[in-house]
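The chain below stands alone, shown as structure tokens; this is the form predicted alone.
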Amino acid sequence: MFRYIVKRIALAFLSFFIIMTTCFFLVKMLPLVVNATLGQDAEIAEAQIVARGYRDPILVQYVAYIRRILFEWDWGVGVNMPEYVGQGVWGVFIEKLPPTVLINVYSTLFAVPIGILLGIYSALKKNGWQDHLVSTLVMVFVSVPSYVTAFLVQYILCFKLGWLPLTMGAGTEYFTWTTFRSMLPAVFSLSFGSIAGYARFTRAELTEVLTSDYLELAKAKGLTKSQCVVRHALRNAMTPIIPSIIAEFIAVMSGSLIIEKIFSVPGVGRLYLTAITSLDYDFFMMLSAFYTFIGLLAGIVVDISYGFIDPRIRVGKR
């Protein structure tokens, strides 16, 4: 198991290095545009860019960029976004990270129990009208993109009914009721797709377990249907579901950037989109590294968690 973990981590770092190197060279092939309308003289801005080596050959820039990250943890400074000109990229990233993490944590806490309960209910009512209703809703929410759901949430809950604010409130008091309430539209928009995914996966796993031979043997020995479901079926069905929950939480962070833009969440996703449209390359590289790392981490966590959660994998290895 230890060798497998080391191998997976090494492959992840290799993939990360290749992806980031490719992004760096592609970005550096684009022209570096300096926005001179940000309250600073164009000559001063150009002097700062030259001082950081942004006009050097690409290979020289690449070596200097890697050296600054490894030895100084310097990811660069803002150039074109008005509120971040001259600020360190890493400091701004840390400042913007809490809202992104919170809306994903809240959406996961909301989606996991509802999705699993719907999947269990659908499996127990297999081929009934309840199962068909849940399956239909699941297919709808799985098929509809999250930004479409976001616009529906904004229109129905925020605009027509007026229950929730249209956008997230400003400030850094993230654990107040006002801020939590302003996060709910984004949380709901992220949750619906996850609920559908959990429900579909849970139904499929539990349906397969309920029709297995060992469960029929348990019934023949005198166990009631509820005892069979609780003691045997759910335990075995949860084995592949738990890693999917871990992966979903990590992966959903990479899909929340459009939702953050729609609901004005002052998080990493909104910053990423703004960096792209503003041609702020240091921010783009830092945030690309973050989302690449999140995607690779999701795969590693899932692979490793299977070995710890499912004893059959460890037994098979021996």
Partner chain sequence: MQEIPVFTARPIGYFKDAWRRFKRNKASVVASLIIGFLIAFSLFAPMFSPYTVSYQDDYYKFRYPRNKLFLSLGLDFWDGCAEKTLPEHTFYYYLSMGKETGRYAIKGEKYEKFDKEKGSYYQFRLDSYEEIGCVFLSLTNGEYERIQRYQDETGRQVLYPTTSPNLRPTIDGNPKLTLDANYWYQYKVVSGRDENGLPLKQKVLIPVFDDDGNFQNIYASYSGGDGYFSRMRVEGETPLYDYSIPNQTGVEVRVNYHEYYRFYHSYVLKDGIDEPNFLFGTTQAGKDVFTCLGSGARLSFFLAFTVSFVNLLVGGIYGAIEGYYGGNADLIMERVSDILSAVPFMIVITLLKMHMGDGSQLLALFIAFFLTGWISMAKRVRMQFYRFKNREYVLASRTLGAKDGRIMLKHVFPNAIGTIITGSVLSIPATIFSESSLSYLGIVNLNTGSVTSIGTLLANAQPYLTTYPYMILFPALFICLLMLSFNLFGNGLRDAFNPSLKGIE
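If you superpose the two forms and keep the largest set of C-alpha atoms that fall within 1.5 Å, you have the rigid core. Numbering follows the first chain given and starts at 1. In this text, all values refer to a predicted model and were calculated from it rather than measured experimentally.
This next part talks about the form predicted together with the partner chain, which is not shown.
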- Message: Just to confirm, with a 4.5 Å cut-off on non-hydrogen atoms, which of Leu133, Val101, Met139, Ile94 contacts the partner chain in the model of the complex?
- Response: Met139
- Query: Is the gap between Thr224 and the partner chain in the model of the complex 4.5 Å or less for some heavy atom pair?
  - Reply: no
- Message: So, Ile19 and the partner chain: in the model of the complex, are they within 4.5 Å at any heavy atom pair?
- Response: yes
- Query: With the partner left out of view, is Leu273 within 4.5 angstroms of the partner chain in the model of the complex by any non-hydrogen atom?
  - Reply: yes
- Task: Using the partner position in the model of the complex, report whether Leu26 sits within 4.5 Å of the partner chain, counting heavy atoms only.
- Result: yes
- Taking the partner chain in the model of the complex and a 4.5 Å non-hydrogen atom cutoff, the residues of 282-305 making contact are Phe284, Ser288, Tyr291, Thr292, Leu296
- Taking the rigid core as the superposition reference, indicate whether the CA of Ser278 shifts 2 angstroms or more between the shown form and the other one. yes
